[in-house]
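Next comes just one chain, in structure tokens: the form predicted alone.
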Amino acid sequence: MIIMQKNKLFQGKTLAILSGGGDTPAINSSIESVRNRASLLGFKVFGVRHGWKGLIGEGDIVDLTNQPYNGWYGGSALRSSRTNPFPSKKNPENRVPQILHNLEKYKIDVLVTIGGDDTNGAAKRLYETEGIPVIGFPKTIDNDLRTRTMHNFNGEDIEAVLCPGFPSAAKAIAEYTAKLKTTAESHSRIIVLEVMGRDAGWLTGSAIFGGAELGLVPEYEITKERKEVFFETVKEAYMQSPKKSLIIPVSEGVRWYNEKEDKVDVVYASSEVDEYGHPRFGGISGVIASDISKRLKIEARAQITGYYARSGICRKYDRRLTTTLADKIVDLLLKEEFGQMPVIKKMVPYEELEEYNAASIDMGQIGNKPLPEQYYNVDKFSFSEAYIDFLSKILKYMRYEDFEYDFPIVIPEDLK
């Protein structure tokens, strides 16, 4: 006979979950997975709405305990914001006293923060300065949050990154690129595809799984000299293309040489910054497409993916990734190891996303991780075999079709 444990280990305790920063398709899956496991341990589970903003003023708290929750639905049902608990140039107010007051008022014993370097960095600081028991949960479609995930390629260990949200976004960009191929081929055009990625080109590279060949990333700026080499590379690739078409994915944070101003810089969509000091990028694809048209006399168009990559349902790989990391949170809660973030130790295919491949790292060691040099061919403006192997763990294979038939040319003399 199975005897149900009446008083669970954390009965009478409350765990709260918040999500901050940009949304991803995997946040609801993360919330549901953490909620389910915390509930099994006996926690009452609250949701903090609108990130850190939900812990200031009167607070904005909802009860997630024993409530239905759709983890496949993208985005965050708890909403999000870029609120910074600590003083910043945009907002000099110190909100920490309000946060401490609300944690006490709502009797919150443990806080799980789903976010990137900004959200989890603030949580770590609160843990260190105020002793708040926090556990971070990784989240970003840019995939530039240092998770210390190792990728073995041809016997070499490469420090990679694997964050919830990225797998779904990568699949979306690959599919988007594959769709654009048909219109690029129909008009013999070059399409410059702008992809989210302020400081890193992880997501931009996923376009090669949709048929792209070249690409530009923020890690390597396009100087005056490199710009000329890029044009020659584009011309050669275009001329060698059977259908005289190309799709060139570029990260929104690419540093591009501007002849008029004689400097290398990003393109800003707005000069306004958020509370963490980040400006909003956007429009680099239009600048590059225009320069290609002028320089090479080849028709080029710009296409901005915008929020497409971070929208929509949670894909299967992300779903299993979030549940695996939530399993690791159980271990952290049982050991009361706070100030930690669960991560995957090594790049593995879907079937191997299990708790034994998970670990945890100190939240103070997160930081940002650019695309490794092994993943990008700087001189060829292309992504390497190592990167393809890395992404194949998530997407398995390239997902695009080709119109392979080539028609015979009609020669008038042959008709006589």
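Treat the numbers as computed from the prediction; the structure is a model and nothing was measured. The numbering used is simple: start at 1 and walk along the sequence shown.
Beyond the structure shown, there is the form predicted in complex with a small molecule, which is absent from this document and is the topic of what follows.
The partner is not drawn, yet in the predicted complex one stretch among 148-156, 303-311, 220-228, 240-248 has residues with heavy atoms inside 4.5 Å of the small molecule: 303-311.
Looking at the small molecule in the predicted complex, residues L214, K235 and D291 place no heavy atom within 4.5 Å of it. Contact annotation: of the candidates K345, R198, K181, R79, the single residue with a non-hydrogen atom within 4.5 angstroms of the small molecule in the predicted complex is R198.
None of H101, K263, K90, R280 but one reaches within 4.5 angstroms of the small molecule in the predicted complex through a heavy atom, and that residue is R280.
Although the partner is absent from this view, I141 contacts the small molecule in the predicted complex, with a non-hydrogen atom inside 4.5 angstroms. Although the partner is absent here, E194 sits far enough away that none of its heavy atoms falls within 4.5 Å of the small molecule in the predicted complex.
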